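What follows is a pair of forms of the same protein chain, given separately as structure tokens and numbered structure 1 and structure 2.
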Structure 1
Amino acid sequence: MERKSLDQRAQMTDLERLRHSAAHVMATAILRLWPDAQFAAGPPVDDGFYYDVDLKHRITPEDFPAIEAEMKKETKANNIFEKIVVTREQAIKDAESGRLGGLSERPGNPSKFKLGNLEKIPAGEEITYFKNGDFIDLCAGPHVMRTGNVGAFKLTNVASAYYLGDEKNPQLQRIYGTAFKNKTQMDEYFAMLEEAKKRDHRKLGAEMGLYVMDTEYVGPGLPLWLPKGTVIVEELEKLAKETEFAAGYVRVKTPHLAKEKMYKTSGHLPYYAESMFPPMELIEGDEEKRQRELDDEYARLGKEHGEILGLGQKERAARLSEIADRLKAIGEEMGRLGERYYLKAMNCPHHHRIFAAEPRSYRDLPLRLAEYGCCYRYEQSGELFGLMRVRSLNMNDAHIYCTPEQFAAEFNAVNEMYLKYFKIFGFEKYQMRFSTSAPEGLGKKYVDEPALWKQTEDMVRDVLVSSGINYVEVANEAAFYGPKIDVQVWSAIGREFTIATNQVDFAVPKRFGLVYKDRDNTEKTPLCIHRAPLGTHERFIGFLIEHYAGNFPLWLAPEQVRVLTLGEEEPLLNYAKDVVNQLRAQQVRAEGDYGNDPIKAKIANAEKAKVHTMLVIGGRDMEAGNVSVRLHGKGNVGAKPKAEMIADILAAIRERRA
């Protein structure tokens, strides 16, 4: 984790100070129970705080009451958070004696993480301790005045975390808690959390019968869309197809797999092989062994090639062409041995090949190829998360090939498409994040094209500024092939996700040798915009479930209308069935509940299923040519002539009313 700057610290809110102080109080408590505990970092986070601790005893939630009791003693004591300025020499001495992050000196148990933290404090910056009671911690603050200011707290969770967030470092125990000024606020927070849990798409998705994960027969992270979920999938596709058609896109369809050569050309192999499903091999016997040898050599040379390019070593150009020749020869030999097919992890290479399928003129650009393409990514098992992070994903994908002159207008049009969608769905809490490169990453993390980076980043920034979109700029987060804009949203339980993305690519079309013939009769490489405003069905619908808490607007609702009858007389049933048939004839998803349950039970069932519109039909409705309308969550809204109600429903669906 990055160290907070002094500026950032000065800007900490009162609640953050309080929670940071709560972390010190917790450390104090843990030390009273386990004096040899070593602490690393203990910052405030969005909904509380944590402290990373290295301790032989494995802390479990069963230990929480004891820790909380000690914390209570510390807040009752109402000790002052005393700031102490020390010299670096003194701090190192105290860390070595085990005094830092301790209640006393601990011979033979130096404050190893605090020593590490000390090293990260730049020379010249003031080194400070904060002391409450016997507990002294290396800390830049700020804190509340006294431990008693931490009015209400609760430990919530224990997890593990790598020291400094690096996989290679030892794992520490991360104890999470939350703290508030008083108990009332804390109670409100936990009540809100309970509400949020009810919105969790995994819970609602199962209850509403939208999707299942058949981990036994299909596999983890491979959702099966049930009929009701498929309705939402198809409504979203309809929206995308209409919107994209109007915006001048053309649709394509591509297979779910491709030969190895595709991903060697795109640059995804061998470097990203581990996030792809292993290949299907159409190779036999001895040839397989030879294939492995060639693989190894290919990987080795590929790496060397990348290094030479990255370092910009012009003097090694001869070696480069040697490598290129050898790579070509390997490719040819592999072709003779047999083939390997990979499931696609992205659609761009297939689209690039469609671009390459015909000679292109500047007159053909911009060419906007759209596809709801199904991709497969072998996400790490620990990363799978309901619909939000899966291994098979249907992307609202499109690639726009354009000239540099066309770029600004195209990029802007894509952004406007985002905003149009977000308005339809009523998204309010989202963040547009503009990710740029960093000079030190050129040739390593990013393709080594400083001029193109500057050019495209300026173009994107200009579009953002001139269109007045609210965004934040993050350096050193770009894709390896160009700058991008991600749209971040937060799930019901507060996890952050990229819901949509808009990326510039000035590198991969070149690798595929894509060109168009320009006005001046020269061949030029097009710019490519990758965009997915509706992200993937999986993540987008996962998010929509939580956004609407399962109460979808009429146009998206899996079951739009349910007709509930009062009584079983033949004429009444005919009248009710006629309403359902008229609606279905107009493509409205209407069902009938003609059974003999009491109306209260039928209503309870329909409400529980979150049916958008319920039409109650009894004898008096039939006689008047009416239907009695009840809206999910809103209750009875009264009787209406049948024809009028049907017209209303059709209009609301057509307009995709919220």
Structure 2
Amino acid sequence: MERKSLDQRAQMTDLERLRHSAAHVMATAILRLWPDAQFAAGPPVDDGFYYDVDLKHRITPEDFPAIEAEMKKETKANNIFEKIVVTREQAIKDAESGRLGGLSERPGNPSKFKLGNLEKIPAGEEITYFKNGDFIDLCAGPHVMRTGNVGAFKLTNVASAYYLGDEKNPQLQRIYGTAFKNKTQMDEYFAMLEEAKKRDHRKLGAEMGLYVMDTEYVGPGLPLWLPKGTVIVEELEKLAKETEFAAGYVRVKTPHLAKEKMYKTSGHLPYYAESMFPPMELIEGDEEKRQRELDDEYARLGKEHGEILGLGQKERAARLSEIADRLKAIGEEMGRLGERYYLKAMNCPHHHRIFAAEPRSYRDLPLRLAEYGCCYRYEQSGELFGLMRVRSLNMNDAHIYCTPEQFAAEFNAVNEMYLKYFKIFGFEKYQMRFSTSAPEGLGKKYVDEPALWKQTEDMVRDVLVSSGINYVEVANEAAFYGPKIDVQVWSAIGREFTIATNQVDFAVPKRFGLVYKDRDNTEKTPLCIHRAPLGTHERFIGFLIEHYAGNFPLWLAPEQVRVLTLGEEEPLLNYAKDVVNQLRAQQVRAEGDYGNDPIKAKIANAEKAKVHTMLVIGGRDMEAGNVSVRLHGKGNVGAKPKAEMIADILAAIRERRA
């Protein structure tokens, strides 16, 4: 984990401070049980905290009760978290003596990890320790006031981790836990985790037949969408196309790969190369002919190399030198032949080339280019996780090219689109995470344009404030080319997800030479807004599966309606099939179960398949021109006239009712 700056630490929430303090309480407990332990870092994380420890004893979950018992002693003691400011020289001395990350009364071995941590602290930054009871450690804070403020805690897991995340460094034990203000909040959290297990998109995705990962033939992280899953994909794409058409977007289509020059110009190479698939070499046309000629010459020279052994020493040496020089020249020329192509890792460079394909005027702006583009990213195998982290991504992407004067309205319209989607999907809790740059990162992590950073960050902030959107501001997490917004939503059971991003780009359009003629007939570079409100099919559907627990609303359900018959008489079957046919004629995903199974079995099968609406038809329903309606998970809702029910179904789908 990257070390937090002092500004980031100052923005830590109360819960993060509490969990950071809980990590120190845990370290205190571990040292009392195993005094030879050495600690590296112990930060708060999204769901709790951890501490990396070097210890001969292999900690297992069986050790957790003993550690937690010692932690309770420390919280009961209610020791103050005392901040101590020291010089760098004093910190180095204490680390070498073993005082840091140990019990102050019992100095241990030299704290090699603390010496490494000290090197990460920028020159001029204040160096501090935090002491609670008899435990003292190098730490920039912040913490709660006392150990007793760590109300409720529980250790959850133990794993391995390399020091500073570098596999060349020692492997440490990483002990995870979580903490809350009180036991009630902690119990609610673990109840949510239990519910999350039931809603796991990998489990439900398999049970519902939505997608499959074929690692043997296709590869890890490359999902195959089955028919029912494809229904959801296409419904989301239909929603996006309708919404974007109404908002003035135009659709484009781009290929799945491009030349190396594309990504060098955009700046993604070499900086993003680790997340891209390796390049493909392609030689064609005259270059292919030249390659064959060079291959033939190389073979001839190799043959001649064996034939000159009978020459005199001086003549042989001269000829060998000539052959060596020529072989080197052949190798260099062959290295220049051909082109490198990369699988597309992002759509934006392709859209920039579409903008550049025609002369543009201020009258053409804003230009909103939209595409559900398929991208490929080489996620590390250990980071792949169901649909949430994959290697092929179908992205709800668009790029808006606009003037500075148009920016506020365009950026606000994108945010309004997010809010519309939140309402459709029933997301009640959301937050925009506004990520800005940091001055020390300019020219390294970020494009070195301080004036443009300030201008665009101010513009984004003004839009967020004026529109009243719920947001938090986070420093030093922007994209390399401009400020961004990560869209955080909470599922029905309270789990937080990042589902989309919204980014401002003032740098890359300039690299591609994108210009428009302004009113004064001068050429200017447009601003570009990158936005993907529905993220990718893969991640968004993974989130929706867990949000709805697989119980999708009618418009999104893979099987929307199933007609179930009570009997096998021909008139009854004809009546039921007519209902199915009328629905399917209106593009409703309707099926019929006309077999001789008992109605209870038919209902159970439909419930298991999570069919949204079941229409049960018996003799009385047929005679009255009705259907008996049953909704998944809700039971019977009564009989309705057939025409009225079909109209209700069509209206619910058309309006995308939740």
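Just so we're clear, the structure is a prediction, and the values are computed from it rather than from any experiment. Between two forms, the rigid core is the largest collection of C-alphas that superpose within 1.5 Å. Numbering for residues begins at 1 and runs along the sequence of structure 1.
Here the chain coming from the form predicted in complex with the RNA is structure 1, while structure 2 comes from the other form. Relative to the superposed rigid core, the position of the CA of residue 630 differs between structure 1 and structure 2 by less than 2 Å.
Remark: with the core as the superposition reference, the CA shift of residue 190 between structure 1 and structure 2 reaches 2 Å or more. A displacement of less than 2 angstroms separates the C-alpha positions of residue 592 between structure 1 and structure 2, with the rigid core held in common. Here the rigid core is superposed, and residue 36 then shows its C-alpha moved by 3.6 angstrom between structure 1 and structure 2.
After superposing on the rigid core, the C-alpha of residue 74 is displaced by 10.1 Å between structure 1 and structure 2.
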